[in-house]
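Next up: a single chain in structure tokens, the form predicted alone.
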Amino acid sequence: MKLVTVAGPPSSGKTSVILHTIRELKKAGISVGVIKFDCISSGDEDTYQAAGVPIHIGLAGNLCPDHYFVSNIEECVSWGLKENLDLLITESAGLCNRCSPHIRGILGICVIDTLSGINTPKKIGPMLRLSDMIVITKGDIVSQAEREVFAFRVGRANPSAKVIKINGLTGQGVLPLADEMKNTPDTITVNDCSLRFAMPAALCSYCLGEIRIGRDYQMGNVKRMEF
């Protein structure tokens, strides 16, 4: 099974981009499921189910959503294997713009929209700076000059990432992203893998700088998902 992490600010178009990409992947006979991480609630479960996509929602509650992500990602992989998925996509918001859910050796994608402001690429932090691929959305509702300035600043924040533009309404531009997901290596576990970025201090072992994944490395305020 392949694993991909998708992160980006709220309302940047992550879910729309993922759904358009899944439609292309299904044409190639690839089965895809999604784990959606959110804080208090999520309205995307019905959207994914309506599209025939296996979905599991994880609500972090009072915890940082990215800390919640890393405490549960191994169980998410197990769920994907149990569902016999070819590809599992995790979607998270990175609400504090300080964390990054991206894992070394796992394809990491950041979705960002042009309406968020030309300074956002610099402010958004490691979930953009450490991603392999950056998807820019909503480029059709700003001027060409604004699109070019925004893309320039995205490239300056992460010069090594592939940058593509996708229309979240029509799905135009989604094929390169689908191809990238199809070609990412298989993964059967992320136990003992490492995050690309140490999360900020708070109450659990990851707050203290732990980057290894697995229950043996988790201490403190850890919340489990139920499958």
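Just so it is clear, the structure is predicted and the values come from calculations on it, not from any experiment. Each residue number is its position in the shown sequence, starting from 1.
We do not show the form predicted in complex with a small molecule, though everything after this point is about it.
- Of the candidate stretches 136-144, 153-161, 118-126, 78-86, only 136-144 contains residues with a heavy atom within 4.5 Å of the small molecule in the predicted complex.
- Contact annotation: Thr15 falls within 4.5 Å of the small molecule in the predicted complex, judged by heavy atom distances.
- The small molecule is not drawn, but in the predicted complex it has no heavy atom within 4.5 Å of Cys99.
- At the 4.5 Å threshold, heavy atoms of Met181 stay clear of the small molecule in the predicted complex, well away from it.
- The small molecule is not shown here, but in the predicted complex it comes within 4.5 Å of a heavy atom of Leu169.
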